[in-house]
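In the block that follows, a single chain appears as structure tokens, in the form predicted on its own.
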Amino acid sequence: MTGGIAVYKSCYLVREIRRQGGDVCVVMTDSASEFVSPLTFATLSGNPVLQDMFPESPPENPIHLQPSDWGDILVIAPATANFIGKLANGIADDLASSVCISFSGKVIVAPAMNPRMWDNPAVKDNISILRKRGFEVVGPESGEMAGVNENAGEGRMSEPDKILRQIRESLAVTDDLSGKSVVVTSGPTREPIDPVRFVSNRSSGKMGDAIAKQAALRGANVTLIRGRGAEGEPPAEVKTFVVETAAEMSSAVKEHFTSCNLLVMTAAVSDWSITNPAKSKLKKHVGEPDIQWKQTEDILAWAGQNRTAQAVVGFALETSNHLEGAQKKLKEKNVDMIVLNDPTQSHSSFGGDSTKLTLVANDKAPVELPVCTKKEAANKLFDNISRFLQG
């Protein structure tokens, strides 16, 4: 982050990246810290802010190489005219510019400056140089400037959501699902007891949402069938249908299954529903309600029995006999892969942002993925699913 008033927008950008499962290391120029305190970004990112070129760090671990080795993508937001000039001319006279020069991955630049500065031919030439070198430039936008007496024009830093979209697109390293139709189920189902009460489970829907988003980033046409109790907002990139009960989820899956290439059943579907839900709110003074249960339809088994050319992947949530349960489910459901996880573990607890998955398939030995964010797990999952979609 470099020294412009637009650095306040970067607070929202860091927060949103973290909310969506990313890790952020903030590097600030001295000028940037004049606008927003490094403490603010340390709090939002959960990591120390790097600013001093010569801190007390071991010689074998140079500070200007740490983010370069660690990061998947480098985002410069805001990028001032001065800093853009440094990038274009290979100048590394502070920590931020040294990090940029040593970074070998993808770089996104979000310019922010006064319109007259943006119109300067030197700035235009420097931007042209960066584009030729493969830098991705987002913005700037036209509109009002932050300063009270500044004239409107082109120079505003793009909004955080636009920069975030570019980050997502840049991190999608493959389009192996281009032209494919993918159906994903996500979140819990709810079975009503009466008009105000229901039986459900603790699924947050985060894993299913991450899978749907990753499929869209890889070029797929994605339909997300999402339980009403899922947390947060569904991914903007996908077509979403909200359902409530297991029966509603079953109907939605059947409606879209015939035309899809891949079904990923991530949702935690209720195993039982109530046959006699009350039509009005149950009163406590009446006594314990007479609740009768019946098994719900096994949607994954239905898909396994009725598929033609579709690939089918199911999830198995096991708290004991993990691998044995997953392998049994793989055989009984007639699917290509079962993704196993254990919600009793701290790294895979309900509602968390991390997980540890084991992929169980008939054609190879189980694959244990490392503990990682659900976004990263979704990416690794599709790396392993793609073989079922060949041809």
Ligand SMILES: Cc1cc2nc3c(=O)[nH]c(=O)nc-3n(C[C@H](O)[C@H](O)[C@H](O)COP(=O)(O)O)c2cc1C
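We call the rigid core whatever largest set of C-alpha positions still superposes within 1.5 Å between the two forms. Don't overthink the numbering: it's just position in the shown sequence, from 1. All values derive from a computational prediction rather than experimental measurement.
The next section is about a form of this same protein that is not shown, the form predicted in complex with the ligand.
**Student:** State yes or no: in the model of the complex, is some non-hydrogen atom of V313 no more than 4.5 angstroms from a non-hydrogen atom of the ligand?
**Tutor:** Because no heavy atom of V313 falls inside 4.5 Å of the ligand in the model of the complex, the answer is no.
**Student:** Answer with yes or no whether V264 is in contact with the ligand in the model of the complex, where contact means some heavy atom within 4.5 Å.
**Tutor:** Heavy-atom contact with the ligand at 4.5 Å: absent for V264.
**Student:** Would N82 show up as a contact with the ligand in the model of the complex if we use heavy atoms at 4.5 Å?
**Tutor:** It does: once the ligand is placed as it appears in the model of the complex, N82 has a heavy atom within 4.5 Å of it.
**Student:** Would you please decide whether Q51 lies within 4.5 angstroms of the ligand in the model of the complex, comparing each non-hydrogen atom pair?
**Tutor:** Taking the distances in the model of the complex, the answer for Q51 is no, it never comes within 4.5 Å of the ligand.
**Student:** Just to confirm the contact call: exactly one of 356-364, 324-332, 23-31, 40-48 touches the ligand in the model of the complex at a 4.5 Å heavy atom cutoff, so which is it?
**Tutor:** One stretch meets the cut-off, namely 23-31.
**Student:** Just one of A112, I299, I225, M207 has a heavy atom within 4.5 Å of the ligand in the model of the complex. Which one?
**Tutor:** Among A112, I299, I225, M207, a heavy atom within 4.5 Å of the ligand in the model of the complex occurs only for A112.
**Student:** Considering L171, I101, M117, L317, which brings a non-hydrogen atom within 4.5 Å of the ligand in the model of the complex?
**Tutor:** By the 4.5 Å criterion, the partner-contacting residue is M117.
**Student:** Does anything in 1-31 come within 4.5 Å of the ligand in the model of the complex by heavy atoms, and if so which residues, in order?
**Tutor:** Contacts from 1-31: T2, G3, G4, I5, T29, S31.
**Student:** Determine whether the C-alpha of D94 shifts by 2 Å or more between this form and the one not shown once the rigid core is superposed.
**Tutor:** It does shift by 2 Å or more.
**Student:** Superposing on the rigid core, is the Cα displacement of A110 between this form and the one not shown 2 Å or more?
**Tutor:** Yes; A110 is a residue whose C-alpha shifts (by 2 Å or more) between this form and the one not shown when the cores are overlaid.
**Student:** Using a rigid core alignment, state whether the CA of L217 is displaced by 2 Å or more between this form and the one not shown.
**Tutor:** The answer is no; the displacement is under 2 Å.
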